[in-house]
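In the form predicted on its own, a lone chain appears below as structure tokens.
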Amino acid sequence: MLGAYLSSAPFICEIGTLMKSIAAIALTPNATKTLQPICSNIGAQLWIPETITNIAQAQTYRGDLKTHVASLWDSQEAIVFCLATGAVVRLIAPLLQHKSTDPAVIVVDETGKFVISLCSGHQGGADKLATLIAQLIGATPVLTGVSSSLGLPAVDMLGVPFGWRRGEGDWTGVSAVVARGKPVQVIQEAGSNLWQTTYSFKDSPTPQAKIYITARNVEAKNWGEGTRSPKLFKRELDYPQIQWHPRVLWVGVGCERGTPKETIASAIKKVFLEHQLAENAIAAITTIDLKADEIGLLELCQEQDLPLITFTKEALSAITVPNPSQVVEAEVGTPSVAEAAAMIAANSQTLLVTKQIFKSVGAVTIAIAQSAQEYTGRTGKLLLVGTGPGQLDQITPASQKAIAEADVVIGYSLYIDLIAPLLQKEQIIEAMPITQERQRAERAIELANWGLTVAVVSSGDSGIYGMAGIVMEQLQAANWDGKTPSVQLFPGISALQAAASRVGTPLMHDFCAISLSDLLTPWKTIEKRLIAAAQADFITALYNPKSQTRTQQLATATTIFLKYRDANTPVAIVRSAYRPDEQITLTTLDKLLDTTVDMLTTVLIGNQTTRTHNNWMITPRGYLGFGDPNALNMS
């Protein structure tokens, strides 16, 4: 098991994580009205001049706007303006430095019809944020970057979800080749291939650019020796190239007490140069727990934004290493520190570089192991999202935001299709058949444990016959600590609520929901619940009433209810509520079986007070004082 970590912040804005510090600026009352709902949905702080008063949850600024924007520039991940685009350009022009460090800049017009991604579209996340805001307010997103407008892959974002670090290269040049639609060769010898589900590049035997995905230094001669495709790894200088470095190298370090940071850093650099490795591919520094407080190691990890992972002497002693040392064993209780620590951390039985000893001011031992899977440097998230009946305007803003935040969206293929307009080209989409709920949950947990943000979508509410239940069960079975990965549920309009809203107010008194599917629940148990609900006069919503292989359950349920309810009890049969093929039937209990139903249908059986009135279904709550159902003259 891995030991303690130092914090390791992402080097640029993560594609899978929306900003935590967003400022919004409005100069007029109308602009304030436009931005207020946006701010509440994305967690932005609204700023207004002191001349505007009585605006809830807004902060006022004094002085000129130019000075105020300058004061926000370095502390905000994004700034949303509601004023003329030209004015915004003049305000931010003196502040712009580089797209990798500037905050995302968004412009919303006062009427809320357009949302413009003005600056830092890819790396700053402006395109993503603009798209989300547009979805929330029903506006048109304006994304002017070439990759966005032409649907092309953004090479500077390809490895961000996986924690890859950018190496040297002509990033602008490669992006230009992609924008022109010219062929690009991608050469990968390390890291996940999951990016291929999202990105595709035009390939050719004569590419005009190259993308290397590697833990090695592309500058080196004979660079491809021992890699997946050695013949392909040849440095060419006559066209643009870039390097992405998956963090797959685990550096084991042993050192004398008091060895300074400079000595350790120098030793690591020498080893990496000698073996043609990229320091950007380092996942972590690993060592024995006795060195957890070693100042030189701590300073190095802090300076280079690396985690420090430590292991006990017992864990290290259990590893068979190429170069054990009796001297080291006598000193710290294990025959190996550097080699064993690197191998444990990388989950590898071999070393890429066996231990190298350096003596200067202090002494350092370095060993390197390569892992099959990269270290993302992120804490994974599971977002369990209810999408409601499927129509986009029935999905809550919080659920839309969760979907936009995700690196990966997983769900039943039908539900993925229903939310397709909310999905973004950079996201990894995994649609699975209806019978693979367990596989969906396992896949989502696997990716979240790796460090990705994963949205698991369910129709209706994810916690009502949805995916949230099986995900939580799987986490519990895996002895989840309740924290990592983090879990958040986003409620949606359930099927019974959606169906009820299409026919009136059938759920205005006590009600229950029963699924007629006996795939996971024994039919005898379902039958007991049907009898109890019918006897207790609950308004009852029947989920999964009939499938191609289950044809008798609904008939049995109807027979049970007819024993305890009047034959004229109102029944609503709603198929695909709020979807284009919606079908609604109002009938009575004795005629329930005359209507065709399937797995997309919800059946609502009223109680003894439920009535129909002009094609509406109404269950009185008792506000008018009618306790006796016969006291209501409704037909």
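The first residue of the shown sequence is 1; numbering continues from there. This structure is a prediction, so every number in the text was calculated from the model and none was measured.
Keep in mind that the form predicted in complex with a small molecule is missing from the display, and what follows is about it.
> Between S459, T540, Q241, Q427, only one gets a heavy atom within 4.5 angstroms of the small molecule in the predicted complex; which residue is that?
It is S459.
> Exactly one of G296, G380, G125, G466 has a non-hydrogen atom within 4.5 Å of the small molecule in the predicted complex; which residue is it?
By the 4.5 Å heavy-atom cutoff, the listed residue in contact is G466.
> Quick one: which of 67-75, 544-552, 165-173, 204-212 gets within 4.5 Å of the small molecule in the predicted complex, going by heavy atoms?
Heavy atoms within 4.5 Å of the small molecule in the predicted complex occur in 544-552.
> So in the predicted complex, does L600 come within 4.5 Å of the small molecule, heavy atom to heavy atom?
Residue-level check for L600: yes, a contact with the small molecule.
> At 4.5 Å between heavy atoms, is G451 in contact with the small molecule in the predicted complex?
G451 lies outside the contact set for the small molecule.
> Give a yes or no for A577: in the predicted complex, does one of its heavy atoms lie within 4.5 Å of a heavy atom belonging to the small molecule?
Taking the distances in the predicted complex, the answer for A577 is yes, it comes within 4.5 Å of the small molecule.
> Quick one: is G191 in contact with the small molecule in the predicted complex, heavy atoms, 4.5 Å cut-off?
Contact with the small molecule, no.
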